[in-house]
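There is one chain below, alone, in structure tokens, taken in the form predicted on its own.
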Amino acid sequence: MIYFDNAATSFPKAPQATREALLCMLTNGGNPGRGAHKLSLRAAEKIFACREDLSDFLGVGAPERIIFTQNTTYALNMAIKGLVKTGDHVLCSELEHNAVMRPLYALQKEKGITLDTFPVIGLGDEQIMENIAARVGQSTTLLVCLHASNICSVSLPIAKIGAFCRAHGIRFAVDAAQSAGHLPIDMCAMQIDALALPGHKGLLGPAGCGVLALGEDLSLGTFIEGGSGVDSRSNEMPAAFPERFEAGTLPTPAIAGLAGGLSFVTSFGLSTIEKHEKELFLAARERIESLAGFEVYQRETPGGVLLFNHTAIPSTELARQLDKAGICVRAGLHCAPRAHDALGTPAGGAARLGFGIFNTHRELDALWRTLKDLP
């Protein structure tokens, strides 16, 4: 089996991730923060160690500002709905995933917010910044955008956007679903107020754990309430971070696996990962474009994601044929229909290759042979 669907979830996982998740279930099986016995304390230690590692890796500055969530979507909902008030104006890019767009559309109905999108495709950083500035008004309170796209290898100038938002008193939330573990992130330097990311994609951990990292001066209302193991007589969630936002039992094995994956990524090096994925992109583009009837979208931007189509074969059928040959890709709209509109794909979307550190050029040769022999 050849796996080119790392933009959906990484596979295989880092060896450290699977080892740490299994070890946690075998030896650290207590409920963290829900007891003073050894198993509970061991689980709590695992979780705190992962907070420290993530805080360092992401430039957060304080481990308690690492909030564990179910996934990136949950983290984005917490940030967006916690930052937006009735009548606010919000900006986002034209490439956003439904994890950003659907919460914003819900807030349009519930709180009467207004929403503007700024273009990205085909534009340089300065043009993107000019388009953002042109859309800012007196009621603009939040800019939320992705760091890297999930359907192509375009990334946004996050540091420049962060500096602009800070200078204009606008909160800045970033979807790092496709950049964490692929591109450098320094939350403080990039002046990001809220950062959402998964454990199971570029950080090579298991599914079931996401992260919301909060800036130093940012506080949110609670998104969910329940047991926290702290101040149980109070009817309200505790004021202290991270317990204020982590109601219920945390997925300790997934967090332990995330810590293992993060250790692997850190030791391997982001620059090595980024270089490898760009090389795979360029090699895949060359092979695909050597065949008649194929098109690569946003071909001039190499990175971890390549989107392509065949003029006569729908993307879903293309993916089905590749699956029969033992090659995993994802077809369709990838939960980002407006991004597909921006790239000009057909109504049914396109086929996506999501590269990872374990992919090889030999696998690309197998992909080329399969595409060449399609009926």
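Note that residue numbering begins at 1 and tracks the sequence as displayed. None of the values given here were measured: they were computed from a predicted structure.
Note that the form predicted in complex with a small molecule isn't included here; everything after this is about it.
Novice: Any of the heavy atoms of P198 lying within 4.5 Å of the small molecule in the predicted bound form?
Specialist: P198 belongs to the contact set for the small molecule.
Novice: Do A99 and the small molecule share at least one heavy atom pair within 4.5 Å in the predicted bound form?
Specialist: Because a heavy atom of A99 falls inside 4.5 Å of the small molecule in the predicted bound form, the answer is yes.
Novice: Would you check, heavy atoms only and a 4.5 Å threshold, whether L146 touches the small molecule in the predicted bound form?
Specialist: Residue-level check for L146: yes, a contact with the small molecule.
Novice: May I ask you to check whether L212 falls inside a 4.5 Å heavy atom distance of the small molecule in the predicted bound form?
Specialist: No, L212 sits far enough from the small molecule in the predicted bound form that none of its heavy atoms falls within 4.5 Å.
Novice: Just to confirm, with a 4.5 Å cut-off on non-hydrogen atoms, which of S153, T73, T252, T140 contacts the small molecule in the predicted bound form?
Specialist: Flagged contact: T73.
Novice: Which residue, I80, L258, I158, A177, is the contact with the small molecule in the predicted bound form, using a 4.5 Å heavy atom cutoff?
Specialist: It is A177 that has a heavy atom within 4.5 Å of the partner.
Novice: Work out which of the listed stretches, 272-280, 240-248, 91-99, 225-233, brings a heavy atom within 4.5 angstroms of the small molecule in the predicted bound form.
Specialist: Of the options given, it is 91-99.
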